[in-house]
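Read the single chain below, which is given as structure tokens and is the form predicted alone.
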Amino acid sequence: MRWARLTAVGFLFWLILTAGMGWWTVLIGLAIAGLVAVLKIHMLATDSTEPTLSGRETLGMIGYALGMIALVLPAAWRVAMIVMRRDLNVHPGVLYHRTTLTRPIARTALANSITLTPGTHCVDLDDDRLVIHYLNPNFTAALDQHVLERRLAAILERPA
């Protein structure tokens, strides 16, 4: 079951990256996703305390990844406009943010989500403290409004 979940997530990622639905693209993507899942399970699983996601959490994270598109595309557009202008109107800075997420996997997902969003980069994650570099302060609006944290908490935080 674990292999099937890893393969499905990897295959979905492949389809998003390649944006191709030809039979050859689908076949190669499925083969690569299956191979990576096998390698991950048999070669990289060294810790028995490794966090695993339930089926509900896996589906939630797939929905979360699709929802990230609504944050990534506008940010990518804004970064592209900054780069294309001659004046490069950027106001970089560093933001120190404390998260309310308690599970390490949820905190890691938050840090990765921040890094995946153009214009922001999570430089450090230490317990509940994130250090985020940004090109412009308005790129941190979703973080300031706790949009990502609320979504991740709904999916990954287990009730006490």
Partner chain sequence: MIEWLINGLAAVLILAGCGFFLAGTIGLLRLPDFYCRVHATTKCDPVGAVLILTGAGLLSGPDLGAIRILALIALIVITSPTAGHALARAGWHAGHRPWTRENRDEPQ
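This is a predicted model, so every value here is computed, not measured. Residue numbers count along the first chain shown, from 1. So that the term is clear: the rigid core is the largest set of C-alpha atoms that superpose within 1.5 Å between two forms.
As for the form predicted in complex with the partner chain, it is not shown, yet the points below apply to it.
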Check: Since exactly one of 116, 26, 38, 70 fits, which has a heavy atom within 4.5 Å of the partner chain in the predicted bound form?
Finding: 116
Item checked: in the predicted bound form, segment of 55-63, 129-137, 29-37, 97-105 with a heavy atom within 4.5 Å of the partner chain -> 129-137
Note to self: Under a 4.5 Å heavy atom criterion, is residue 42 part of the interface with the partner chain in the predicted bound form?
What the structure shows: no
Notebook entry, point to check: Taking heavy atoms and a 4.5 Å cut-off, does residue 16 contact the partner chain in the predicted bound form?
Noted result: yes
Note to self: Aligning on the core only, does the CA of residue 143 end up 2 angstroms or more away between the shown form and the other one?
What the structure shows: no
